[in-house]
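One chain is shown next in structure tokens, namely the form predicted on its own.
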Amino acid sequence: MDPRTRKPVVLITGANGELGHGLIKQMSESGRNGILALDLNPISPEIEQHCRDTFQGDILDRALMERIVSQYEVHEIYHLAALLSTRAEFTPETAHKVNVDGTMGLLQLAIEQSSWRGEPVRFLFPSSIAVYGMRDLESKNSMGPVKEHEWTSPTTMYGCNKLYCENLGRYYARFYRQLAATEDSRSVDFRSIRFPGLISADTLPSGGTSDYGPEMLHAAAQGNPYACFVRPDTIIPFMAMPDAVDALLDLAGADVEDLSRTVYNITSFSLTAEEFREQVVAHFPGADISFGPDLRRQGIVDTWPAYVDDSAARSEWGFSPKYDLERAFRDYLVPSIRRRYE
């Protein structure tokens, strides 16, 4: 195919995931065309209808990536594909290949596409509170909201991967080939959000270490007992999925001149696992939710902050979540999850 005839597209990796579903639907509903969806598994028919084209395959498959860029001009990338935290601890070497090598390959693709286009490809990267590593539970409980540069000593492979990829993105955005003999004008417009625990009403929990919250909801809606794998007093920040989707799109649409950094915290509400259980029981009376902490997974969650400081996101690109705790349960989570199992 003649490169001059390639169609402009937005590439979304990990399209079948919780965030991918919401992102593709919202883009389509707002009139965004040219969505290219990529996932390791066949693309869900629910989102396939919103896409210009879909691909099933591995982000590490160079032949697949070459095929994509031979047909399409990629001007924006939402890199959602990742091996999540719990699974990554069982296969850390595989997690590194997927999470780091996969991101590196896409950043290189973005550099090449930027050169074709004559302007930087925008690269949106969802990071995680897993990049943090509080020293001990006392430190976590005594700290106020944690800023982006504080306590970044992750204890999981997933957290290490995400933190390193944040820095890779910053390098490609600001320092790419800085010692080259001739100035290299190519770069990537890299933008990243450190998400708290995300709760979706539309897709099932997929193995994240923060998924004890949504797992409570889905078990209660089905009338199944659930033993929560963390202590009742465990506290981390959460966010409803629509706010996460809005945040990605809002950051993508921000003027680069207004952004002082490449990575931003965001948050909506923090609550303990017991408070989460109380919310679930209030909407599903009789829900059988107990606590049976898994000490190893508990140890991981204890290194994550209870609160994060998202003042930079609020001031620089207008982040403002629509769903507080009450509205998230009342208007979004409970009605949709209840319908799912009726």
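Quick note: we count residues from 1 along the sequence shown, nothing fancier. Keep in mind that what you see is a predicted model, and the values were worked out from it rather than measured.
One more form of this protein exists, namely the form predicted together with 2-amino-3-ketobutyric acid (AKB); it is left out here, but the text below deals with it.
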Exercise. Which one, 240, 106, 74, 129, lies within 4.5 Å of 2-amino-3-ketobutyric acid (AKB) in the model of the complex by heavy atoms?
Worked result: 129
Exercise. Between the options 99, 265, 209, 234, which residue brings a heavy atom to within 4.5 Å of 2-amino-3-ketobutyric acid (AKB) in the model of the complex?
Worked result: 209
Problem set entry | in the model of the complex, segment of 242-250, 77-85, 171-179, 257-265 with a heavy atom within 4.5 Å of 2-amino-3-ketobutyric acid (AKB) | 77-85
Exercise. Heavy atoms within 4.5 Å of 2-amino-3-ketobutyric acid (AKB) in the model of the complex: does residue 190 have any?
Worked result: no
Exercise. Is residue 125 close to 2-amino-3-ketobutyric acid (AKB) in the model of the complex, meaning a heavy atom pair under 4.5 Å apart or at it?
Worked result: no
Seminar exercise, completed: Across 294-325, the residues having a non-hydrogen atom within 4.5 Å of 2-amino-3-ketobutyric acid (AKB) in the model of the complex turn out to be 304
